[in-house]
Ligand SMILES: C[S@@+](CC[C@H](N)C(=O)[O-])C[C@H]1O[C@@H](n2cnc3c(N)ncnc32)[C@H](O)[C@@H]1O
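Just one chain is shown here, as structure tokens, and it is the form predicted on its own.
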């Protein structure tokens, strides 16, 4: 795998998925019992937006930097929490840092919750291990994402979230593999919450992915999307999506408020982006 998230850290897709991740973790805390929070593709945990890699693409300029360039007036609670957690990270690690999903997952969780972070790449795993060294509530594992999910689900608590953010180096092949693997994971732990991130680049691949997800037989499939560019844009990454399996019952309304708030703040051309929340399948 040649993918390095350092080139893309803090872009508009990161902003959307991290705010939604915070909302998911928060809503799952409606009971005192601890949660099992699994990050399948954890990365290095914290990124330097001033690094050569980040500045080569400058994607954060149209993502987190753009969002925070103006006051977050009347923002949904998850957006405010995202901004507060980011400020706390920067106060500790430097003003040019941007945290990844395992950091947000940990900071949004409670003392009784456990985080398991998988990262297969040796260098990225080394960074991740150093970041969370001595943090008892976090397990850092150098292992394949899907092997790790299979080994750790269902968790003893029977409650939790699996966050799946794969690199998508080959779009058609990766979409197909994602559907097959999450279907197998769901059979092992059918009551777990799964959040599957995907890029919106190729319309054909995107449409086929939706069709395959509908055919899985999984009952509760919620799709959340935000496009920084129109769907027919030639941009490499025009939009970002999240399929949530078994979302908490208030999540769809909260997600809609989040993406509708973020759309005008992240779209490349005013009025040309899009935001939607819809059910692919629902048991209700």
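Fair warning: this is a prediction, and the values are worked out from it, not measured in the lab. Numbering follows the first chain given and starts at 1.
Keep in mind that the form predicted together with this ligand is not shown, yet the notes after this line are about it.
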| item | value |
| --- | --- |
| In the predicted bound form, the residue from 167, 155, 199, 76 that sits within 4.5 Å of this ligand by heavy atoms | 167 |
| Residue among 186, 120, 93, 81 with a heavy atom within 4.5 Å of this ligand in the predicted bound form | 120 |
| Residue 109 within 4.5 Å of this ligand in the predicted bound form, heavy atoms | no |
| Contact test in the predicted bound form: residue 178 vs this ligand, heavy atoms, 4.5 Å | no |
| Touches this ligand in the predicted bound form: residue 113 (any heavy atom, 4.5 Å) | no |
| Partner proximity in the predicted bound form: residue 251 to this ligand, non-hydrogen atom cutoff 4.5 Å | no |
| Contact stretch among 64-72, 33-41, 243-251, 215-223 - heavy atom within 4.5 Å of this ligand in the predicted bound form | 33-41 |
| Within 4.5 Å of this ligand in the predicted bound form: residues from 249-264 (heavy atom criterion) | none |
